[in-house]
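Given as structure tokens, the chain that follows is alone and in the form predicted alone.
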């Protein structure tokens, strides 16, 4: 009596195919979970970017042209880019410096401390607190009739607007942007601070190294890529912000996002939609360059974090 044939290895391991020998067209199960993400990215990132690129190189008659891109060299557009880059750089540096100090204080409090839980929870909320709501909060606080402004003027005789109404111009944007840059820095920089092991400092001290030596030769070089990468992330966050500036600045368009709004919605100068798309393309290029540098620094940071 012979045993029943079990077939060859290929017959056992070969995937089953429907009748007719055709393979199934649908994707594997492990790809179905990320399908909604790809749909989201396509609808809200890839397609809008493609529309911007096509519009930037399209004329009013639908023909390809370089006039819109060439117009980016106009003085008022260059000034808007310079002001946007300056605003983003200043707020990124201020937010990174203050956020790093707060993050270090949180790390020294312990991983399970109440202070850390409160600070991280607050930073998670404040980092997303922006737009019209944030602009209204600053107007109600530091505006011409804000309660802090009125208190300082009536009680202490201090007029914070004696030199002009700075809140509704670039200095005001610096203050407001820094407000949400600091908690964002705390969130993105905490993993790097957590990666610094106490044994490294103990080893430095046991070998006779001072605190300055430890930060200069051990912790500083390790944290530098993460700090610079987080600063670049803050720069991109400020450079692309729109709603807060649109609600706070009522006159003029000092930065690029407001210039794009003016080009798309102006009732005085018509036919500037493609110029607005060209300015948006310029912003895409700047942000893409910044995020590329951020990715390089993050890969370097991950070498010792892992």
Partner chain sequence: MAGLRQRRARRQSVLRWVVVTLFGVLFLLPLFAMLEFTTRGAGGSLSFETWRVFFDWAALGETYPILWTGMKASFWLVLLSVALTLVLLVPTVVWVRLRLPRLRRLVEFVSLLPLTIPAIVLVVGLAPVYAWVVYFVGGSSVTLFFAYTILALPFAYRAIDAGLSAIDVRTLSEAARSLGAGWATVMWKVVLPNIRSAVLSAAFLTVALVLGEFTIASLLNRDNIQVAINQLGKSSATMSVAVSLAALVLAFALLFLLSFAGRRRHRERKTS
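Numbering follows the first chain given and starts at 1. Take the two forms, superpose them, and find the largest set of C-alpha atoms that agree within 1.5 Å; that set is the rigid core. Remember, predicted model here, so these are calculated numbers, not experimental data.
In what follows, reference is made to the form predicted together with the partner chain, a form of this protein that is not presented.
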Looking at 165, 148, 158, 224, which has any heavy atom no more than 4.5 Å from the partner chain in the model of the complex? 148
With a 4.5 Å heavy atom cut-off to the partner chain in the model of the complex, the contacting stretch among 81-89, 67-75, 166-174, 197-205 is 197-205
Given that the partner is absent here, does residue 34 sit within 4.5 Å of the partner chain in the model of the complex, heavy atoms only? yes
Spell out, yes or no, whether the shortest heavy atom distance between residue 296 and the partner chain in the model of the complex is within 4.5 Å. no
Can you tell me if residue 49 lies within 4.5 angstroms of the partner chain in the model of the complex, counting non-hydrogen atoms only? yes
Examine residue 111 and determine whether its closest non-hydrogen atom to the partner chain in the model of the complex is within 4.5 angstroms. yes
Contact set, 177-204 vs the partner chain in the model of the complex - heavy atom within 4.5 angstroms: 179, 182, 183, 201
Answer yes if the CA of residue 252 moves 2 Å or more between the shown form and the other one after aligning the rigid core, and no otherwise. no
For a quick test of reading the superposition: does residue 45 move by 2 Å or more at the CA between the shown form and the other one, rigid core aligned? yes
Against the rigid core, is the Cα displacement of residue 59 between the shown form and the other one at least 2 Å? no
